[in-house]
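Okay, so here's just one chain, in structure tokens, the form predicted on its own.
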């Protein structure tokens, strides 16, 4: 299973060292960008991510938990191969294709993803699945690391998998929040292609934990 590290649980004063210690055991680095408005937390922005770019050749992805992804996505395209925005910033997204579609068309040169929070059903992003590379499923309310995985999202993953396969789309499903070996296995069984882990990878035998996650089939 494809596995990414969210640096949200890392020591922000030692992020470069934190990334380096994983070497090439990861598939990508996940950057949780929070603006203090869309979520009740504030993290980091382009200068920090750009400075970390030289520490590894692993792909970076920016998870924009911000109220204005239409403006801010451009700030991250220099260092991030994949940029994910939340469907909830559009009010309401399921009544019109215009705003999300306009943003997706504008996001050239990067892989695109749409995230949906736990209460949002998968049907709300179904229209955009042909236009994105990643359907990003949150299993916890966004904003803080270390929250407990909500098993209710497994049905959401399964529905997305069924739709993607039925339409023969090239869209991966990635799950973020409360990920450990047990919950990752549940996500994989439901149809997920990738997971993002944070606090689970912050201690213990990191290599063993990563090997376990990546071995899931």
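From a predicted model like this one, the values you see are computed outputs, not experimental measurements. Numbering follows the first chain given and starts at 1.
Omitted here: the form predicted in complex with a small molecule. The next part is about that form.
Only one of 123-131, 74-82, 142-150, 100-108 places residue heavy atoms within 4.5 angstroms of the small molecule in the predicted complex, namely 142-150. A heavy atom within 4.5 Å of the small molecule in the predicted complex is found for exactly one of 52, 26, 34, 164: 34.
By the criterion of a heavy atom within 4.5 Å, residue 195 is excluded from the residues contacting the small molecule in the predicted complex.
Looking at residue 138, you'd find a heavy atom of it within 4.5 angstroms of the small molecule in the predicted complex.
Within this chain, residue 210 is remote from the site of the small molecule in the predicted complex, having no heavy atom within 4.5 Å. The small molecule in the predicted complex is approached by residue 178, whose closest heavy atom lies within 4.5 angstroms of it.
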